[in-house]
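Quick heads-up: it's one chain on its own, the form predicted on its own, in structure tokens.
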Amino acid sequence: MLTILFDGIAYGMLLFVLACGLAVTLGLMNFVNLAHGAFAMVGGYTVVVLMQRAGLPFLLALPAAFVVAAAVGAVAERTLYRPLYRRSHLDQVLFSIGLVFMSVAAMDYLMGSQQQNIRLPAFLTGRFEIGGVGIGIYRLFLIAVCGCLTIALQFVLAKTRFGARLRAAVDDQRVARGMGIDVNRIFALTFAFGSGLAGLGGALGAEILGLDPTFPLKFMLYFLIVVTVGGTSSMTGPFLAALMLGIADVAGKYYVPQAGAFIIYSIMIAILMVRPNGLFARGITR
């Protein structure tokens, strides 16, 4: 049971890193970006290309995945997303879902439709036991990396000047501009950083989740569940929601494999019936 709990925590941490960019754009920037998984896919394929064709080690390919996805996100924010900031959520949904299908088709054309495999370095493979608990080395690596990212992200948003400016820009853009805050720059940096985190999550998760051109479609619902159940007031809600869903998904598929795929949806429905705005709801700010 503790082994399943450990695997569930690792899966939940990975879900959080994949979804936290969406939590930022939806919760803080009030923008519905269903194409978030496309940036995760970019990160995953960046690692595949760098490892298989350029011979780069896995640990060096990971930061490259963050940088490439962040750069793609920055360009997309400046050229495609920014004009949609003040449009309705329906417009944003239709626009971003169109981007998802375009990204799927583009990646299928460029890389082919086959599943991509990432060969992990030898020191990240295998398992060991502590007190009867089986611990996968790569899952332990995921928990360590994702844990550090979570702490750093929460620190940046809550304790730094950039985080204060971002919160001010979200609460009232007009007042923030009057105080000399460059709102467009703040949003561009935030969007690029969220895209980079998605890319890093896609790179880290490629070995566990699999990677093919349908990645944004397959995991779009998972990202939305994490943000919807967790709420949008802070990173704490999505983090707890990701952990809970990760553990429930792994345990459900192990103990009741016939109904395992429905466990997280049942939990989502139960939580939203009690708390329609998520575990940590954010009030309407604009």
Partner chain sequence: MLKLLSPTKPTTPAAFLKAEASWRPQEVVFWILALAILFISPNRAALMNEIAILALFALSIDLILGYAGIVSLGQAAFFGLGAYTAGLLAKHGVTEPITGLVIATLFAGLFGLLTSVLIIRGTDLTRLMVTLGVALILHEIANKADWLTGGADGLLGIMMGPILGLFAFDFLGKTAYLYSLTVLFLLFLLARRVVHSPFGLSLRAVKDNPLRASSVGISPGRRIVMIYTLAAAYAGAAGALLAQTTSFVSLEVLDFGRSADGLLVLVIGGTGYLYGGLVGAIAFKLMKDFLSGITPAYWLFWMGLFLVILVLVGRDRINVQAKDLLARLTGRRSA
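Positions refer to the first chain, counted from 1. This is a predicted model, so every value here is computed, not measured.
Omitted here: the form predicted together with the partner chain. The next part is about that form.
K.L.:
Looking in the model of the complex, is the partner chain within 4.5 angstroms of a heavy atom from every one of 55, 60 and 167?
P.N.:
Per the other structure, none of 55, 60 and 167 touch the partner chain.
K.L.:
Of the listed stretches (185-193, 123-131, 138-146, 95-103), which one has a non-hydrogen atom within 4.5 Å of the partner chain in the model of the complex?
P.N.:
Stretch with heavy atoms near the partner: 95-103.
K.L.:
Residue 68 versus the partner chain, in the model of the complex: is there a non-hydrogen atom within 4.5 Å?
P.N.:
Close contact is absent here: in the model of the complex, residue 68 is far from the partner chain, nothing within 4.5 Å, heavy atoms only.
K.L.:
Though only this chain appears here, would residue 89 touch the partner chain in the model of the complex if you measure heavy atom gaps against 4.5 Å?
P.N.:
Output for residue 89 is yes: heavy atoms within 4.5 Å of the partner chain.
K.L.:
Answer with yes or no whether residue 176 is in contact with the partner chain in the model of the complex, where contact means some heavy atom within 4.5 Å.
P.N.:
No, residue 176 sits far enough from the partner chain in the model of the complex that none of its heavy atoms falls within 4.5 Å.
K.L.:
Classify residue 235 as contacting or not contacting the partner chain in the model of the complex by the rule of any non-hydrogen atom within 4.5 angstroms, answering yes or no.
P.N.:
Residue 235: no contact with the partner chain in the model of the complex.
K.L.:
Only counting heavy atoms and a 4.5 Å limit, does any residue of 204-224 reach the partner chain in the model of the complex, and if so which ones?
P.N.:
If the 4.5 Å heavy-atom criterion is applied to the partner chain in the model of the complex, 204-224 yields 217, 220, 221, 224.
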